[in-house]
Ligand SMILES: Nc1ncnc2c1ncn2[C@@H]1O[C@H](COP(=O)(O)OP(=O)(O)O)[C@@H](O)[C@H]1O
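Form predicted alone, single chain, as structure tokens, below.
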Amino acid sequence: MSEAASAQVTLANSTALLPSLGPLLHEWLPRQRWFAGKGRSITAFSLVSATEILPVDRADDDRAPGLLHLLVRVHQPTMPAQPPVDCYQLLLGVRSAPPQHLAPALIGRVPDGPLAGLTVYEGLHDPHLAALLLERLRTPGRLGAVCFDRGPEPIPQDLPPRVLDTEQSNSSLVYGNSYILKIFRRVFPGTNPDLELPLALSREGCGRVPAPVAWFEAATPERLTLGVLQPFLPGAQDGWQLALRALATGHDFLAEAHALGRATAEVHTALAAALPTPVLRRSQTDELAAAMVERLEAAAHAVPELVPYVPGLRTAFDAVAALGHRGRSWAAQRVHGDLHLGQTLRGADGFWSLIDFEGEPARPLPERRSPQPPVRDVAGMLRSFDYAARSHRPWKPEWAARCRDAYCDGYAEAAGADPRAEPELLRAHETDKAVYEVLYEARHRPDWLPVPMAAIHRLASGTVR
């Protein structure tokens, strides 16, 4: 066994590692944008796996950093709609004294244990360590609990890395404007849809979604998706910023909304061809409506402003259940799961792409991987037009209404089915999305809470538009 391999086994098997890092993680984790347990105390940590992707060379640690990969369970008090334990992926740089440019990434100096006297920091901000991740992806194989894999496309060497600072639930590295590596922070057993669905779409020849080039996972013993490398689209602009610019300059967004509807329908068609398409009958419709009611009640428990609207909102879910009882059924399939303007990119040639197929991170992975009516994605985009319109002063409800119609027109042309033809199902999914938004804004962006609450007021009265 090599000296490096010996160091890796020693550290990975050390029972003192996590206790020595615990006090630092207690302070650092809640401050991270991707930490989902904000507002709840951390009661304990437990180690799932530890792998030295680059072992620490104590004889030369002034110049040579180490890279420590950890999967850590974070234990917190149980609250409605919140799990008591979440698993997080950490990539920790290790040095005796990080250079000044890494000061913003600092986590702290370890007082004891196998890393005693060394400083740990967010490793993704270290260009040397970020470059190492790409090199691991270029050469598939297993290192400790971490498995690296790739497709047939060759990956160039020596692409300079940079961290994207716009992430929320994940972290991303861009390599030389050629590739983007999304690193999942909160990880779940099973294949992440952001790997599974783009791979399926690639096999169908759908060009609306960048195909995965490489990925890495953990076998612990359940498989967990840790990161996905995809082509970066330089010069592309996200739909959210384009919509805000149109509002600011007084331009409509109808051509863009129409093209987005077509792009969404093309992706749905390809997903239906690639993966199973079950039919939602009475029992499945009951389950769908019951899950929406459960999310509504949990959100109302957490956000008091929602309570007066619960009876009116619930009628949207009851209407769908009633249709199921009368024999109505709906086709279901895999969908994006969290579609909004910020999950779309328009290239310089005007071509629209859909990205980020992870689904709503707050929802359990089995739920995100389950087939859903395609109208769920449509409802998400309709809510996004409303968000954009309400972000502008003065508010322009007619702008959002026109965009909604243009989007549905484009979708209907490409799919051969108009989502507005199923008003009960559309209202239920838009209501469910607005409830999710209320909970998210209350927890993370209280100043934005009036935006989804305005939709709640409208939807509780039974009005879709």
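Please read all numbers here as calculations on a predicted model, not as lab measurements. Don't overthink the numbering: it's just position in the shown sequence, from 1.
Quick note: we don't show the form predicted in complex with this ligand, though the next part is all about it.
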Next on the checklist: Please pick out the stretch from 227-235, 262-270, 119-127, 144-152 that is in contact with this ligand in the model of the complex, where contact means heavy atoms within 4.5 Å.
Outcome noted: 227-235
Checklist entry - Hey, in the model of the complex, is T166 touching this ligand, heavy atoms inside 4.5 Å? => result yes
Checklist entry - Though only this chain appears here, would Q76 touch this ligand in the model of the complex if you measure heavy atom gaps against 4.5 Å? => result no
Item to check | Contact flag, N170 vs this ligand in the model of the complex, heavy atom cut 4.5 Å | outcome: yes
Item to check | Contact test in the model of the complex: I180 vs this ligand, heavy atoms, 4.5 Å | outcome: yes
Item to check | Non-hydrogen atom within 4.5 Å of this ligand in the model of the complex for each of G93, A105 and I107 | outcome: no
Checklist outcome for this item: Answer key, this ligand contact in the model of the complex at 4.5 Å (heavy atoms) among G324, G342, P212, P193: the residue is G342
Checklist entry - Within 4.5 Å of this ligand in the model of the complex, heavy atoms considered, which of L247, I355, L115, A200? => result I355
